[in-house]
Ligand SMILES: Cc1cc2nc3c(=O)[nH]c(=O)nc-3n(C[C@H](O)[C@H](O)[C@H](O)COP(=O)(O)OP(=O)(O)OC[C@H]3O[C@@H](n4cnc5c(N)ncnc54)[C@H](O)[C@@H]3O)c2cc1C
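Next up: just one chain, as structure tokens, the form predicted on its own.
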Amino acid sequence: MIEIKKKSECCGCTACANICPKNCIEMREDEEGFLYPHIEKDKCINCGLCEKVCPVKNAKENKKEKHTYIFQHKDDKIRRQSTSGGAFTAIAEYIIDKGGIVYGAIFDDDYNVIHKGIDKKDDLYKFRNSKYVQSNPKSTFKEVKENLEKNRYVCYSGTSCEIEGLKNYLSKDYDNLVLVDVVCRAVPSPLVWRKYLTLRKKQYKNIKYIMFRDKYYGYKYSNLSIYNKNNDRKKEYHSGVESDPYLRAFFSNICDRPSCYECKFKKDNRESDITIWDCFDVEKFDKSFDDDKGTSRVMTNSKKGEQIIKEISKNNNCEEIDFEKATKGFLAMYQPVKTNEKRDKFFDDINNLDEEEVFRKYFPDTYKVKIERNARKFLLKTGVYKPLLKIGKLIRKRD
């Protein structure tokens, strides 16, 4: 029987709940909005399967032969909608062309983040753009297994801990399964996201869609954007990492899952077939890729993954790069986030204060914030924002 003594020992992947032969494990949300297993002990037969599939208790470190690439989807509209270069859409299209189904994180009708399977190319837009909220996998692990047993091609995308949880659940390799993990900083609380969403719904009545990493001002300065159903630009919302309270909460590490602060999956030897992440510094690999529309870095971790990238590169913009150079300095690949000392108090206030009050308390729109916001926009308009970013990176490296 799985027992979570410390919350940092559970990543919320749902493998334990899916594997239970007696269905006596239920994932329940705690006071911080994260899912944890709750066991009906009178039904448990102590088979031990839940412990065997737990990725945190059984974290792997298998050395892999890796290749790394920079990648851009051929369709600029798809790149515009994507977080970086549209690599996952290209992989998903490859799977669907084989009659397969692709699983990844989407918004449901209420803007909760969940995992869902899609088998039509026209619906792949739902996967595009980052989801800075921990996704609820629901019953997708079971669905994946059912589709695999029917000899259908399946692609599953998620964080590295979710991918290891799914692999443990399946307990064997499948030729028709492709696993894609996204290098993540950490997973924020769904409760904090709901609070923020309540705040914005009061201000923006006819929300059409939301983007966490919108390229409204370009790839180098992405925004959290809210678009309205009437396409009225005066009623849209676009705010960057220095201004938007939800982005500020995320990047201050104040609202992440406890396991993220002790993450066991920050490594380059990953259990997926393909790993994807951003490439903001694409100019150091190939200046011809540097068009401010987004570029993905891609790492293949298996022969299967390598074969797929080789195949999709025929119709997209792709170039192999040096592995050491591709991963050097990218902290999210190797280092867990550090705990914000205000985290406990923040969650206490999230549960007891009005959403407007709590975000204003921790992330006020001060003069300093306003100056930085206006300075960024001015620099973007004058065309010097990008060169200054490069200078800033060089200074930080010297320090």
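Here the structure is a predicted model, which is why all the values come from computation and not from measurement. The first residue of the shown sequence is 1; numbering continues from there.
Another form exists, predicted together with this ligand; not displayed. Remarks below refer to it.
The partner is not drawn, yet in the predicted complex one stretch among 299-307, 201-209, 228-236, 126-134 has residues with heavy atoms inside 4.5 Å of this ligand: 126-134.
Although the partner is absent here, residue 104 sits close enough that one of its heavy atoms falls within 4.5 Å of this ligand in the predicted complex.
In the predicted complex, this ligand sits beyond 4.5 Å of every heavy atom of residue 143. Taking the partner from elsewhere, residue 246 is found to have every heavy atom lying beyond 4.5 Å of this ligand in the predicted complex. In the predicted complex, this ligand lies farther than 4.5 Å from every heavy atom of residue 59.
The partner is absent here, but in the predicted complex a heavy atom of 183, alone among 312, 326, 183, 96, sits within 4.5 Å of this ligand. For the options 153, 285, 217, 277, the one in contact with this ligand in the predicted complex, meaning a heavy atom within 4.5 Å, is 277.
Contact residues in stretch 146-169 (any heavy atom within 4.5 Å of this ligand, taken in the predicted complex) are 157, 158, 159, 162.
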